[in-house]
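A single chain comes next, written as structure tokens; it is the form predicted on its own.
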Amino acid sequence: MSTLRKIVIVGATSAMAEHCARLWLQQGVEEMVLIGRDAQRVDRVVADLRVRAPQCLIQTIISDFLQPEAIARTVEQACTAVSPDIVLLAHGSLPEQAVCQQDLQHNRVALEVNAISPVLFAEAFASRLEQVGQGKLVLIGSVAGDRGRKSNYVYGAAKGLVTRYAQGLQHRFAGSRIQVVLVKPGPTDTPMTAHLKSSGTKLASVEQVASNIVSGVAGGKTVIYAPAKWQLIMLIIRHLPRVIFNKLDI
């Protein structure tokens, strides 16, 4: 039997989050709180999950992901009664770099959705976990945050912020029973990356990435590259001399 009593997922309509939820339900989690922005999309996810695990209590919260006051209320609501064992922050979007360069409003939204919003949610949940002295806070970053590249540097900058923030939280809670986990997926086959798939980019299956996340969290990892090969790939990219890196079309 699983010892997981409660899991909270922010951005529950993302394909990655939904597949993680399915795996956790298979482990027998008792309660799950799904947080999203679109009620109809959240309801579709919930309907599927309830069929898979009718014994699990699944609740939903619809919230504004960009307003600090709304985020604070949402986190308070999600943490009532039983404190979560795991909080997964999985929301985000993949903006087009060219549009970000041409449209400052689009650029701003990309940074807010992929960096500011996850950080605000993480800070609010961190305070709640600190009150009870335990829990796991899982943030979805990206390999794009490991080094700025011309093909996606706005998105990469946002995920780089999440990376530094997660590192700071890990330092803050070092030696405690609160664990902060940073997930760095490579390109994954989800609706968010449909345009990459159509251009021939090789994508990992969302099932594989979700399995990497769930097993890594259970195994106590603090950084999870998914799939694992990206740890070596990004190690090489991070350490390429600038004179060589600048010749690459990536």
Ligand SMILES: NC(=O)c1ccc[n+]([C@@H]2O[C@H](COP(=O)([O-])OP(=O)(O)OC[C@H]3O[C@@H](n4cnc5c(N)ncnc54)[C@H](OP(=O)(O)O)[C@@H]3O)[C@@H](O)[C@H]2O)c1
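Computed from a predicted model, the values in this text were never measured in an experiment. Note that residue numbering follows the sequence shown and begins at 1.
Although it is not shown, the form predicted in complex with this ligand is what the next lines describe.
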Exercise. Would you say all of L4, I86 and V132 touch this ligand in the model of the complex, counting a heavy atom within 4.5 Å as a touch?
Worked result: no
Problem set entry | in the model of the complex, segment of 96 to 104, 74 to 82, 167 to 175, 137 to 145 with a heavy atom within 4.5 Å of this ligand | 137 to 145
Exercise. Within a 4.5 Å heavy atom cut-off, is T222 in contact with this ligand in the model of the complex?
Worked result: no
Exercise. Quick one: does Q59 come within 4.5 Å of this ligand in the model of the complex, counting heavy atoms only?
Worked result: no
Exercise. Is the gap between G156 and this ligand in the model of the complex 4.5 Å or less for some heavy atom pair?
Worked result: no
For this session: Would you please decide whether D38 lies within 4.5 angstroms of this ligand in the model of the complex, comparing each non-hydrogen atom pair?
Result: yes
For this session: Note that this ligand is not shown here; using its position in the model of the complex, name the residues of 176 to 194 with a heavy atom within 4.5 Å of it, in sequence order.
Result: P185, G186, P187, T188, T190, P191, M192, T193
